[in-house]
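In the form predicted on its own, a lone chain appears below as structure tokens.
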Amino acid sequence: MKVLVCVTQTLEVSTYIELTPDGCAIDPAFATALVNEADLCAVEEALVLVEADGGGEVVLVSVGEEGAEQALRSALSLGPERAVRVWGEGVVLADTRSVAGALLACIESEAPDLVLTGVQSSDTGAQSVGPALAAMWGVACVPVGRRLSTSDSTLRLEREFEAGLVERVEVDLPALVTVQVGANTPRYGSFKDKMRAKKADISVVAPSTLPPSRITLTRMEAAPTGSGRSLELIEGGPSAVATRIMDLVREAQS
């Protein structure tokens, strides 16, 4: 079995940030680059699945330049043997469709049995790359998955909802699953694995065509502080709380 895991680099920002001169990105000096947490859970799910299956390959893929390569090397230290970076002249990653379209280039060249992504990115909260990629690939998408196992060409997994409700799902392969944050505890790479990841040869795949972007980032800005708004703790039973909320809504509308 070949499992392709999509990973990305996310930014953890401090309470004070500054933007780049063009106003379209956060100055790197005010952010820490990390591998997306949900993506690391996806890597762990892939490794456990391949080990239980008695053999196979886990291949990592990311889209971008230097940040994508850093994310791949960090994820390689967990145990996967190979990684692919998708990039090329004219590639612009402005929205979900363009990222999914770029990832599709790797899927077409690798022909995996299963693709895993994190359920969402920790910095932007987007949850759409996985479903968009599944739609472009033409396979079923199962979101918020964990505890994956296979039997012949069938994938079995669980999905956990609120109140402890668990849904058990079966889907024909190939398929795409988005893995929930906290679905597992990603293993800690050994010193040997970290050195191997540091020296690994990461191949680069250039997408032939990409869907046109429908979003243009014009400017970013930090939210204003000191707006004068106050926090009110509403006490009492449901009726009293609901009444006070309605009063606040009327006050805001007046």
Partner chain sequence: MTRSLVLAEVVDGVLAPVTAQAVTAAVSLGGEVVLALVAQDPQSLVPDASLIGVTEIVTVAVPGSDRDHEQSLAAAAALVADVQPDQVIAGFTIRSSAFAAALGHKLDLGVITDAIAVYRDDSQNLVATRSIYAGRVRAHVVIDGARPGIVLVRPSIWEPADPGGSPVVRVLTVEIPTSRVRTIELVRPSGGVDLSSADVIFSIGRGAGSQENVANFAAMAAKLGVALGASRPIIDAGWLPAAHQVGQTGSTVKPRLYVAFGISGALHHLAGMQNSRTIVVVNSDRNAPLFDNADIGAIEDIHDVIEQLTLLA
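Remember, predicted model here, so these are calculated numbers, not experimental data. Positions refer to the first chain, counted from 1. In this text, rigid core is short for the largest set of C-alphas that superpose within 1.5 Å between two forms.
The following text describes the form predicted in complex with its partner chain, which does not appear among the structures shown.
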With heavy atoms only and a cut-off of 4.5 Å, decide whether residue 182 touches its partner chain in the predicted complex. yes
Taking heavy atoms and a 4.5 Å cut-off, does residue 166 contact its partner chain in the predicted complex? yes
Do residue 97 and its partner chain come within 4.5 Å of each other in the predicted complex, heavy atoms counted? yes
Could you tell me if residue 198 has a non-hydrogen atom within 4.5 Å of its partner chain in the predicted complex? no
May I ask you to list the residues of 128 to 153 that have any heavy atom within 4.5 angstroms of its partner chain in the predicted complex, in sequence order? 128, 131, 132, 135, 136, 138, 139, 140, 141, 142, 143, 144, 146
2 Å or more on the CA of residue 243 between this form and the one not shown, with the rigid core superposed, yes or no? yes
Would you tell me if residue 160 moves between this form and the one not shown by 2 Å or more at its C-alpha, with the rigid core held superposed? yes
